[in-house]
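First, one chain by itself in structure tokens, the form predicted on its own.
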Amino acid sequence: MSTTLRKSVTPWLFTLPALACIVFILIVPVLSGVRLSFFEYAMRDFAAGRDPVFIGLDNFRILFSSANFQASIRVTLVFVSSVVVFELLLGLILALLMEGGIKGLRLFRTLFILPIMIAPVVVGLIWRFMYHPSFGILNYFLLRLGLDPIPWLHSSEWALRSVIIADVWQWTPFVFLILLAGLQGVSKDLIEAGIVDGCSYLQNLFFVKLPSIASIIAVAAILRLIDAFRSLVVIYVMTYGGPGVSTEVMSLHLYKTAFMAQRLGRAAAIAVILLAILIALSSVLVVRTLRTERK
């Protein structure tokens, strides 16, 4: 084998095992799910050993005509947009407050990262107890202040807000750490040049710092978008989608369709729609980030 051929083949030999794992673990299940979305297949069919029945796009037609599925889309969009916006804003504010290397920054980082390390089931239980109408700590403080208790998880008006608060509490530290690292990597020369030119703090922020970390903000937004669309465990533990369907996001609707209604084909169709939404949103953010960097 010639030296040139060996150099061109060697990298592929090293990456081949990783590529095989990606294909086996990621691509094959996705393609299988897409295929299953065109079939009628239930748990009882699987137990009886019957083959799936091809029904084309019927699963998608049924879903888009279903009031519950339409409600789950609305709830998901409200939930995702709310948590991503609040987490980015709060994470950026915290990062700006601590970018200067304040005393005890390591301790603050450790404290802030604790919510991320807690298991989602535990997070759901913690907030469920805190929201409890009788002995929850939040209603206790409201009563001490002379205010009426709030039915946090038992009201359609408050349930989704309560779930959003729990998610923001858990994942704002993640955004904070990413943005803090980005801000600390901004060239000090650019900031000092702005100060010398008479820029105020806000001008330096909007014209120097934020443009410098625009790609990092986009990455944080993409990561949180993807994860928020997949949110299931915390909502399942806190409300199980209730009251009614006021907190039933698409991932929870998928779970109920697959394991409660036992409609595997229809659940696969929900997964395909969810995947399409994630790809579309992520692509838009990636394209905009690339355009910003080119400028």
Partner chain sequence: MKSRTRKQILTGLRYLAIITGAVVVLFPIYLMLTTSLKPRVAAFAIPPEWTFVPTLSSYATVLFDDNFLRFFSNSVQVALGATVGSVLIAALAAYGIVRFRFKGSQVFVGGTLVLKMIPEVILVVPVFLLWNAFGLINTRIGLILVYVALNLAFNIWIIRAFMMEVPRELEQSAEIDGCSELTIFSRIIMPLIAPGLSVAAIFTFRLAWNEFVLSLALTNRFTRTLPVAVSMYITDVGVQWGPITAIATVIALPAFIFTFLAARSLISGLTAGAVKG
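Superpose the two forms; the largest set of C-alphas matching within 1.5 Å is the rigid core. No experiment lies behind these values; they were computed from the predicted model shown. Numbering follows the first chain given and starts at 1.
This protein has a second form, the form predicted together with the partner chain, left out of what is shown; the following refers to that one.
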(message) Only one of 40-48, 241-249, 53-61, 66-74 has heavy atoms within 4.5 Å of the partner chain in the predicted complex; I'd like to know which.
(response) 40-48
(request) Sort through L142, I195, V122, L89 and report the residue having a heavy atom within 4.5 Å of the partner chain in the predicted complex. (result) V122
(message) How about F207 - does it come within 4.5 Å of the partner chain in the predicted complex, if we only consider non-hydrogen atoms?
(response) no
(request) Spell out, yes or no, whether the shortest heavy atom distance between W158 and the partner chain in the predicted complex is within 4.5 Å. (result) no
(request) May I ask you to state whether F79 is within 4.5 Å of the partner chain in the predicted complex, using heavy atom distances? (result) no
(message) Residue-level question: is T110 within 4.5 Å of the partner chain in the predicted complex, judged on heavy atoms?
(response) yes
(message) Within 4.5 Å of the partner chain in the predicted complex, counting any non-hydrogen atom, which residues from 178-207 show up?
(response) I178, A181
(message) Please state whether L26 has a C-alpha shift of 2 Å or more between the shown form and the other one, with the rigid core used for the fit.
(response) yes
